[in-house]
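Listed next as structure tokens is one chain, alone, in the form predicted alone.
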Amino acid sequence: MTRILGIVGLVSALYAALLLTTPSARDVGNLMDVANLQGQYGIITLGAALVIIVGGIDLSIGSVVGCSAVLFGVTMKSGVHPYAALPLVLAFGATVGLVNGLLITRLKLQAFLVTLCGMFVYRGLARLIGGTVSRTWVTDPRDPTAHPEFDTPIRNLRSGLVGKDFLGELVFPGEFILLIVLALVLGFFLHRTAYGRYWYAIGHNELAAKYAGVNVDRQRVIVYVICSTLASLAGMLLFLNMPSIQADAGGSSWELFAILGAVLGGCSLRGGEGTAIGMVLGAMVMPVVDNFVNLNGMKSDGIPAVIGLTLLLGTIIDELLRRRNAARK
């Protein structure tokens, strides 16, 4: 509860600083843009947090986001209907998570190494699939691969998932609403089902969980599948938001945003701790900071330093709390 109150205070302070010092930030459209970016970051934060809860790590999230965005566009360009492309890309994400999970559980490879390799593999795969993918080919009469019949389905997806109308204007923060729905589902599994108890138990003490009859390997694979599937969903949302996606840049560093959101939201890097509401609140921080920096004309070069220092601070606090709890016992 202390951590939740702390992150609520941090988010409130950031919003106060943004709204009080930057008049243009009060525009409804800007606030909805921030909310949608929080939705995107929040979706990948949910997946990263689950992996952290079971004592793992996933550094391939950003590359999976970028690869999924490119794959979504290329798949539709090849003639696959947008409504059919969506589950295909989600299946790609699930397959990535399955591969990661099996390599970690069956071959007993370190999660850090497996997902670090995946970070390069899936970024390279995105480059092979297509360097830059845009939505202009849909209705461009000069493009022989154009599919004008896909224009309406893509607009419907943007309207339903992103909240943008046919003019590209935001009418509601669809991605933030989607995040809340997913967080509610995840919260139910975490706090009301046996799966959640298994995941917390594995993070707290893997050996004890095994002795209690938990199939640790199976649960770890499930968590990695969920994480990568959510990353693929975020990649498709990224494609629907942007006029074009570059394989080199799409989703770049998003794994850091996801891990940062999880840590700020109360997930212990040692595993076994974390709440759904904390994950959502933690994911809300960076978009507000980013909006503040952009609207005030500041250089964004220092944002990576902020992320690194925040993660370091979170690690220090986590270690101090662990030592205090150990001393009390």
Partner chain sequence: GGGNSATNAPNVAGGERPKIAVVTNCTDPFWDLCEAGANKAAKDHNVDLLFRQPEKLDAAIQMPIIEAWVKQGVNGIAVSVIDPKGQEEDLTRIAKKVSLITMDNDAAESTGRLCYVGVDNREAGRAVGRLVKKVLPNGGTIAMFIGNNSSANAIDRSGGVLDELKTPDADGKPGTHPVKKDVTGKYYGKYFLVDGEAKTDGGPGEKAVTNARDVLGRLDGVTDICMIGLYAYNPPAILEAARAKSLVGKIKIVGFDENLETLKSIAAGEIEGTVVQDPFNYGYKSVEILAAVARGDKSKLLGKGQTPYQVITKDGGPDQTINGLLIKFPKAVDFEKKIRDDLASVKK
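Please read these numbers as outputs of a predicted model, since none were measured by experiment. Residue numbers count along the first chain shown, from 1.
The same protein also exists as the form predicted in complex with its partner chain; that form is not shown, yet it is the one meant from here on.
Stretch 241 to 249 is the answer when you ask which of 82 to 90, 241 to 249, 226 to 234, 174 to 182 has residues with heavy atoms within 4.5 Å of its partner chain in the predicted bound form. Its partner chain in the predicted bound form comes within 4.5 Å of no heavy atom belonging to Thr275. Using a 4.5 angstroms threshold between heavy atoms, Gly9 stays clear of its partner chain in the predicted bound form.
In the predicted bound form, no heavy atom of Glu149 sits within 4.5 Å of its partner chain. The shortest heavy atom separation between Thr75 and its partner chain in the predicted bound form exceeds 4.5 Å. Residues Arg158, Lys164, Leu167, Gly168, Glu169, Leu170 of 157 to 183 are found to place at least one heavy atom within 4.5 Å of its partner chain in the predicted bound form.
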